[in-house]
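One chain comes next, on its own, written as structure tokens: the form predicted alone.
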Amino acid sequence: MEFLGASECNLGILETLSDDTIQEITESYDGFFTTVESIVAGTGDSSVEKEFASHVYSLCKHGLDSLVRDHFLRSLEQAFEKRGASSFWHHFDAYSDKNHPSYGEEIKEVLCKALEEISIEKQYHEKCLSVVVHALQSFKDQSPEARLNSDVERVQLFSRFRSMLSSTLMTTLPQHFPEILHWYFKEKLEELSAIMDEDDTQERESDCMDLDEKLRSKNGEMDVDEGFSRHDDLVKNIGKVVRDLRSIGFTSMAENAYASAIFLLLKAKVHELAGDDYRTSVLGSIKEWIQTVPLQFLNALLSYLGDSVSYGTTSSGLTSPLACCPTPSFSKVVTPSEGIVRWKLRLEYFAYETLQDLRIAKLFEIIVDYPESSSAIEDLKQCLEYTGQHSKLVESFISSLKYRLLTAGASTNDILHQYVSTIKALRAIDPAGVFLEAVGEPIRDYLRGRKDTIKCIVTMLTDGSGGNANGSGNPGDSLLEELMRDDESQENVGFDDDFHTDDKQAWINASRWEPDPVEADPLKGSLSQRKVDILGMLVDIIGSKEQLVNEYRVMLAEKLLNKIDYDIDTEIRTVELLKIHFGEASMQRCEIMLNDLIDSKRVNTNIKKASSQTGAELGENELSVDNLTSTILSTNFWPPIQDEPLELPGPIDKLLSDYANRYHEIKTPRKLLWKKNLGTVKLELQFEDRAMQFTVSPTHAAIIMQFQEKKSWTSIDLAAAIGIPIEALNRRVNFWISKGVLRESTGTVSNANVYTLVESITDSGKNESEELLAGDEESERSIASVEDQLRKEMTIYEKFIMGMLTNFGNMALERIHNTLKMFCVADPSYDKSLQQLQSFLSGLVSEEKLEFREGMYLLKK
């Protein structure tokens, strides 16, 4: 009889068989069916197995071996589904409505017990499968060709059985079982982490022990192996669970469960180590913990499962620091398997990404604390280099800026300080300035809309707070000095003094060249043109360096005019630094202003020296020239000075006249033209029961000196006596009223108040130098502000603007600007910037001469 192949069952051959043969097959199949039920049910003995083997032989002889395999596997499947799967899932029915915290410790025992039972059931079914494999093998041993394929068929048969077993369990899988596995591995890994932390603590304490304690521990007084045994036992328990899960086809589910538990534990560890402490680097501690806990666990787990360590060189081609850690106690170098290397890469990437997300979420606070938080910035830089998720930083930080900084409630000074800190911090993360360009754009746009931006920038550059809002810079250092010092240190590292400047700069540019990152905006210029220059970026907010220089010139003039001595060392240093950045031509007027004070000091010394040599006696009520210190200005080089009429008392006026005459004698043919409303006056007021000292403006001094003649004045008479408007008098006299020197009362004449000198009153004890009230300071400005100067200069263009809007109806800012540049070419030609024009138009809108709607300017109707 012809034998069919082992993988085929041609039932059509039955038509060619004789009745006796068919009867034999029928009887063999009935016997086969009966013996299969006995074997699967566990009620058969050795005689049943022999009968089963004979029936298998008879069926295979007629080419029905595939029928034998299929029926037997189907019988095993039904039996396993009835006894094995249902019993296994029944263990977890009680936990279907519970969440993770409610599982309790008993779930660990339940899981281990269920896996043990299902493993025993699986082993029994595999034993049954071995019976049919043995029977088939006995038949195939008679055929030389079939004997060669017997091992392959055996593997295939067991593979089909395992697939059947896994699919049976999967089709009846409860929804909450993956959560149970996740919770189990999470609890076990947390326990393992605690053991590791305890071992580290004991190791650190052991390092601190003295020699006697270490000797006692070696003599057995301390159990140094206790932690390792606990660790090994725990890993073995986990490994047994993983092995059992693998055996029932849950390999992927088991790996997902302990992988998610590992990542969850790693995330918690990163949060614990990072926290809100930005002054300490945590990346090294995180990587060390990864090496100590998860990787050690995985290595031990895979070792227990038999697939972790290989000797020699791995075929994966992946490199890892783990591969360079030989064990001294072994003759061979132990290298990690491909699985361990991949796990290390996955864990490190997840740690970098988690820490990166934490730092990006708190980047606003980190930058506020910069440079104290430079460690956190360095960690973030390394994370971004590893993950490449710079765009996430840009989007998140811009959102934080718009929500927390770029609001009406934040002062311009705070915004500028945060902007400078942002530049410094992001320069450390991204030296190319690509992402700084994107982050800084909304800040610059917002600051351009604030009127006091220029003034705050100049103040921040020239004050002594080092560019920090809390004044934490080096004492006496301005932000300008700090920036210049940083630039100098960056430009001059590693070069000799005799190195040619052009060659030096070319070498610096060549050595620092890098291609633009892929995220770079091509419209912003290449890396070689982009310079992360803090001062340049601040000037970019204003629009031009001329505006910044003009604002500084006004501020410098105000400082110089309010000085009561000639100490200008700080101002000279600042001007020299500005000359380095803006050029000597831009700072020429400021230099002349400083030279005016230097010349004033010399002239003042000469005049006083000449006066002391003449020795002329002073008349009654006359004042000595020694009481006067003058500041002589070159008016053409100073900003416009506020000039108000003021009549000074006779002795003061004579003192100024004598000083001017002496100046004319020394500096013939030059003459002095006094600005009587400018300067400061030191006064000491003597009362019946007190003496008070003040440093005030000449106008305030002129007011109070009038009360030497009579004790009471009306506002009209007093204003006429000192030559100022009544409105100005009422504003200035409030200073003396607030100090308790004058008392105000209602006069008999309408709109005229009466001011009376308070001769005798119990004072609060203020007899030291008093300064002007803060509310009066703004009204006492000696120099016209840049805004006032701009408004005065732009007034001549107001008619042009009104005419354009009358003809064209409405116009955008850029169109107005371009039209003025095109047609206003005669003297004076239009040379203002777009920001200056916008400031002027905003003033016209506030004066209700224009309207601004939807980005367009139009005449007020």
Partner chain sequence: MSPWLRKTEWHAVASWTWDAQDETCGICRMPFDGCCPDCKLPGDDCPLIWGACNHSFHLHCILKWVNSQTSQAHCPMCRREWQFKE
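Positions refer to the first chain, counted from 1. In this text the structure is predicted, and so the values were computed from the model without any measurement.
Beyond the structure shown, there is the form predicted together with its partner chain, which is absent from this document and is the topic of what follows.
Checking 349-357, 171-179, 85-93, 636-644 against its partner chain in the predicted complex, the stretch whose residues place heavy atoms within 4.5 Å of it is 636-644. For a residue to qualify, one of its non-hydrogen atoms must sit within 4.5 Å of its partner chain in the predicted complex; none of S58, L157 and S163 qualifies. At least one heavy atom of I564 is located within 4.5 Å of its partner chain in the predicted complex. The shortest heavy atom separation between L673 and its partner chain in the predicted complex is within 4.5 Å. Put simply, S630 is close to its partner chain in the predicted complex: some heavy atom of it is within 4.5 Å. Put simply, Q588 is close to its partner chain in the predicted complex: some heavy atom of it is within 4.5 Å.
Just one of A259, L685, A410, A728 comes within 4.5 Å of its partner chain in the predicted complex, counting any heavy atom, and that one is L685.
When its partner chain is considered in the predicted complex, only one residue from V110, A610, I592, A268 comes within 4.5 Å through any heavy atom, namely I592.
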